[in-house]
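For reference, the chain that follows is the form predicted alone, supplied as structure tokens.
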């Protein structure tokens, strides 16, 4: 099958992406991934093109550092063979295509709503008619959790089928927020509005998503950015990773009633996120990353403060994590809990930490590098047991790795380059162009895709948070665990409701 190979953050004319009839499109993409663990689907979506739906499939080759693009046109009333019946990596992408355009699949294994988004083709379907899987038995019972949760997390419903305390099946129902974020990218015309949208896709991944948007916009505008911009983005991503991983270690300790670990890791997270407030005036780093420029230039003073923060952070972190991960009472809850096998990781197509927890090295910082990561000689942290313990250990080692990167980066701060914000905001985008941008958020692979029309206006904006790949991993990991282990399994993945509910 013909395909077009591009690099990360590259834009190409839409008409250069090969187009084939559907059966060839299906078989060709399946064969691209067959037997090759270095290849996975980073995006598969449709857009309206006249009376037809044009499908675009984007398969990454991590060893070759390329993304292979193919396309196909189908009628919206089509009943198609399913990619998912041959490769489960595609199951959620096809469910979204079905939900958005009404395209049906003759042999999809689980053709259910992905989210009850504003763009669904069947406006009559809703939360109250969600088709939950059920088992009839006098010995089994169902347990519902959510959609309203304690605390401040977003809504999501979890439906368990249990035999006593043992979980046999978990089904996760999302889509409560109806935000219409992708459509807003088309409706909002100002660059600042779109950048603000990007940093609100997922509140704990502000840097990851806004960086992906910025690279994408720069590719469409033909703008090369200077080293100080790349420096700020790389630095900010590793600070965000450190803060969230530390907070998640606190939450894991909370869920196993280890109060000391919960308190100490929670305290340690605070000065890291507060550092963003010193840098840009916002603890969640909003307004820090902008296309084409750095609104808050990095200074020697900020570098000194960063070293002070981590000089105080590291001794306490090292002591607490060592004690936490050697306590028998902690290990009894972490080890062999919430296990996913290597084969399941491959079949689902997990990304980020949810892939690296079981021998699958999937990290955009290495496979499709950007920013200053090539200079850091990044090596992904990989574990081999696929359990809560592996996910906790990845967090520990990634925190240490990120701090070492940060200490190295601030020894040589690039000179500030002055940009005209008004000129950047008014730069036209290339017409009839396809662009793709990936970053490695702390959860894993973030992918943004944009397509412009003949006037250079956005005709499509497609967002994929790593949670889109990984929610099924959580559902499978809790099988045969006791229901009391669900909170720790859930927190060990720490997936995003809002990143999914676009």
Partner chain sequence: MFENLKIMYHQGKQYIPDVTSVEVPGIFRGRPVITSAPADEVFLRDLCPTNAISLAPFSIDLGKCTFCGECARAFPDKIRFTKEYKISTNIRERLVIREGDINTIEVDSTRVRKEIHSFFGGSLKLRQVSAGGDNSVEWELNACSNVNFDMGRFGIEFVASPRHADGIVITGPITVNMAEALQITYDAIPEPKIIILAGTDAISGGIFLDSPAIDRRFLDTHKPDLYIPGNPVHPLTFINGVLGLIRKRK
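All values reported here derive from a predicted model rather than from experimental measurement. Positions refer to the first chain, counted from 1.
What follows is about the form predicted in complex with the partner chain, which we do not show.
At the 4.5 Å threshold, heavy atoms of residue 314 stay clear of the partner chain in the predicted complex, well away from it.
For the chain shown alone, residue 306 is not a contact residue for the partner chain in the predicted complex, no non-hydrogen atom being within 4.5 angstroms. Contact check for residue 204: a heavy atom falls within 4.5 Å of the partner chain in the predicted complex.
Within this chain, residue 400 is remote from the site of the partner chain in the predicted complex, having no heavy atom within 4.5 Å. The partner is absent here, but in the predicted complex a heavy atom of 199, alone among 238, 363, 199, 94, sits within 4.5 Å of the partner chain. This chain appears without its partner; in the predicted complex, the one residue of 428, 295, 109, 374 with a heavy atom within 4.5 Å of the partner chain is 295. Comment: 270 to 278 is the region of 270 to 278, 82 to 90, 344 to 352, 225 to 233 lying near the partner chain in the predicted complex, near meaning a non-hydrogen atom within 4.5 Å. Taking a 4.5 Å heavy atom cutoff to the partner chain in the predicted complex, the contacting residues in 178 to 204 are 178, 179, 180, 181, 184, 188, 190, 192, 193, 196, 197, 199, 200, 202, 203, 204.
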